[in-house]
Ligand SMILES: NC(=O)c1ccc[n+]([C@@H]2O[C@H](COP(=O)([O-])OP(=O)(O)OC[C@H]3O[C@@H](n4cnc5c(N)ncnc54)[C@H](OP(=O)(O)O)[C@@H]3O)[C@@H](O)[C@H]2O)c1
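The chain below stands alone and is given as structure tokens, in the form predicted alone.
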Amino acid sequence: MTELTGKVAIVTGAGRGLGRAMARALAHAGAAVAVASRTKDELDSFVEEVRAAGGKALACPTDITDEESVNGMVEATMLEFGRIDILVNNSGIVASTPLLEQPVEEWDQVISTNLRGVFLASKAAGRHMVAQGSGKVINIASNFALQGVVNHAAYSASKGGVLALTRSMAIEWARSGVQVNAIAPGYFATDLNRAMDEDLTEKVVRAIPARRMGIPAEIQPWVLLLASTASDFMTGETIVIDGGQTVR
């Protein structure tokens, strides 16, 4: 198992789904984990779970689009644990709307959450990583950033921006010992996707060569790899985990 004892991680969008799965993997590997999302109850239940298992965790209710709130998340983590070694930028929302019908307000909300949030959290946590001469930033993008997808212009654009930001951050911080990489997941069996009706689920699965959705446990080894010393010579890269969907 990857050993992260003594390391401190922040995971945004950690209340449920892939975010919670990634936070759990980091905690099981020994890291102290600060979890952030808008929903405090979900964060508190995660903290209770980790502490009951003998680990360390902190709940940080955060509006990822608000600079003051994000800075508060980072400051609370520093106050509690004294350092930040790993940042997983996972907060995100999806809007499925034809471009010609998409309200500007919805476009702005998607870009603000999915791209501005990555910028704000990376800037706030990154200054501590650069100062200490080490750190791992893991940006959760999407395979939608790598293909044209009908009715998902805002989401695809925001995740494409995350990949471009990943490469720029990687170059800027490489000499400071900070590695910045991205994971681009496809469809995973999370609560959000389980809510799709049967016809849509069948259509989605038919588009995946593996003929199934991923399960959250399948993203955990990749997060641990990127959070560990095993990836010290890897930066600016994107790992796609989508059952072959973008290979078509």
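Not measured: the values here are computed from a predicted model. In this text, residue numbers run from 1 along the sequence as written.
FYI, the form predicted in complex with this ligand isn't displayed, but the following is about it.
Exercise. Heavy atom within 4.5 Å of this ligand in the predicted complex: which of Ala227, Ala25, Leu18, Ile10?
Worked result: It is Leu18.
Problem set entry | One stretch from 169 to 177, 119 to 127, 134 to 142, 77 to 85 that, in the predicted complex, holds residues within 4.5 Å of this ligand by heavy atom | Going by heavy atoms within 4.5 Å, the stretch is 134 to 142.
Exercise. Does Ile93 make contact with this ligand in the predicted complex, using a 4.5 Å heavy atom cut-off?
Worked result: Close contact exists here: in the predicted complex, Ile93 approaches this ligand to within 4.5 Å, heavy atoms only.
Problem set entry | Interface membership of Thr190, this ligand in the predicted complex, 4.5 Å heavy atom rule | Because a heavy atom of Thr190 falls inside 4.5 Å of this ligand in the predicted complex, the answer is yes.
Exercise. How about Ser156: is it within 4.5 Å of this ligand in the predicted complex, going by heavy atoms?
Worked result: Ser156 lies outside the contact set for this ligand.
For this session: Would you check, heavy atoms only and a 4.5 Å threshold, whether Arg38 touches this ligand in the predicted complex?
Result: Yes, Arg38 lies within 4.5 Å of this ligand in the predicted complex.
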